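We've got the same protein chain twice here, in two forms, each standing alone as structure tokens: structure 1 and structure 2.
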Structure 1
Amino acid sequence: MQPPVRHFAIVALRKAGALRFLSHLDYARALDRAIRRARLPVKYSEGFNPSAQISFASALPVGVGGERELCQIELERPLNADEVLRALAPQLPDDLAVVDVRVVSGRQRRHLSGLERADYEIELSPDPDLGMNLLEDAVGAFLDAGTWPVLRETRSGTREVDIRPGVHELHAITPGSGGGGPRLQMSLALQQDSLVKPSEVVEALRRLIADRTQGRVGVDVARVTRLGMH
């Protein structure tokens, strides 16, 4: 028997400003309530405690912003993207704004599980000792390394993981004219088996820079933003 046709809205949201300090759970709850205020015809699960069928691409850590955070909302009936946008946008605060909406109908149940990479931008705090040459040198050394083992805490204890294969791109960018420090842009693996966290890449660069300056120069992160997932 063929699975039924389902209707989804795939919504991209911008999580910015102070609202990047919402935990993933708080963010999910905020979105759930906004969807209810918008009175979108959301599909609910069966059973004793029905819940709205909303799922997310990947949780952001507390304090990290997102330019295009994705969620899928299953609808009772098909709507066009503009209808979803017009209903939902006024219900969200400025720092949790809808970027765009697309709708999809079909037999597929999961539309966000195929995402492989996440792009991040990390702004560092300005530091006269942390020049672009030093930063670029550290970035180069990291990219040249064949492996980069890090220790990860898991439920079953500490485990060694090689993050190097999961770092697809890494660049250092000169500070913009509007002040602020240098930035790092990176494209990191998102799939469970090869996932890399931006904080792990920063830690690697911190060690490389410490090695090059006898521990004199540190790396202080001002802001982390996930630019998108694809």
Structure 2
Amino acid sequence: MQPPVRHFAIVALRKAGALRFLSHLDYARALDRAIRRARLPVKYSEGFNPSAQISFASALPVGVGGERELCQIELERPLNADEVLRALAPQLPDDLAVVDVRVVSGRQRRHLSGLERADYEIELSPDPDLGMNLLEDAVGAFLDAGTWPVLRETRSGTREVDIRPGVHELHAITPGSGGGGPRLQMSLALQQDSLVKPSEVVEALRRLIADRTQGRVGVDVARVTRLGMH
């Protein structure tokens, strides 16, 4: 017997401003409450404290913003994407806004599991000593490196991981006309077996720049934003 047809709203949200500092748990709770207020026909878990059947593509670290954070909401019945958007959008604050909605129906349950990369933009703090040539040289040295081992803390202890294969793209961008420091744009592996954290790439560049300047020039992060996942 084939599994039944199920219906899901795939929602992209923008997490910005002060809400960048929400924990993932608080973010999930806020979305659950907004869905209740929207009175969407959502499937709920069983038990004494039922919650909406929501799953997320990938949790954001506290302090990191997101331009297209994806979640999957299971529906009791199929809806038009515009219906979901009109019902849900007014229930969320400006810094947690609905960017896009699509509704899919079928026997597949997991629609967010095939994502392989996450794209980030990192704005660095302005520093007159951190010129673009120095930053670009560090980016080039990192990309030319065959390996780049880092130490990670896991439940089973500390282990060494090579992050270089998981950095698919890395660019240094000149500060815009609106001010601020230079930016880094990067595309990083998202799957658990090859995951790379943006903080690990920044730390690699910090080490390279420190080596080139005998520690005189630092690299400080002003803002981190995940642009999307694909």
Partner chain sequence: MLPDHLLHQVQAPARYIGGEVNQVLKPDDVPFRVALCYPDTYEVGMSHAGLRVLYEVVSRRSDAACERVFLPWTDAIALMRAHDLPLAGLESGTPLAEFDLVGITLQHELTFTNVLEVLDLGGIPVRAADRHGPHPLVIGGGPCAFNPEPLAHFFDCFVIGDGEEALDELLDALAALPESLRTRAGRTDEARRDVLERLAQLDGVYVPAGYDACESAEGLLIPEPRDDRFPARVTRRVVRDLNAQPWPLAPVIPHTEAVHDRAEIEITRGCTRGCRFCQAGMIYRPARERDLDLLVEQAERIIDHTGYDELSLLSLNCPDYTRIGELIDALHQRLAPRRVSVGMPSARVDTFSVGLAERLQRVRKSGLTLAPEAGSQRMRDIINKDVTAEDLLAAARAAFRSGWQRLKLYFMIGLPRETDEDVLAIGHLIASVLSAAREELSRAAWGRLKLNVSVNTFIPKPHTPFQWLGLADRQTLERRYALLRAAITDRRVSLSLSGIDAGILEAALARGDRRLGAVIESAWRAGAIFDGWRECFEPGRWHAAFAEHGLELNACASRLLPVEARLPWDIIHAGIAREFLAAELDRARRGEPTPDCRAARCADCGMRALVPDCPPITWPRAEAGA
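In this text, all values refer to a predicted model and were calculated from it rather than measured experimentally. Counting starts at 1 and follows the sequence of structure 1. So that the term is clear: the rigid core is the largest set of C-alpha atoms that superpose within 1.5 Å between two forms. Only residues modelled in both forms are compared.
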Next on the checklist: The form predicted on its own: is that structure 1, or is it structure 2?
Outcome noted: 2
Checklist entry - Looking only at residues in both forms, which consecutive runs of at least three have C-alphas displaced 2 Å or more between structures 1 and 2 after fitting the rigid core? => result 45 to 51
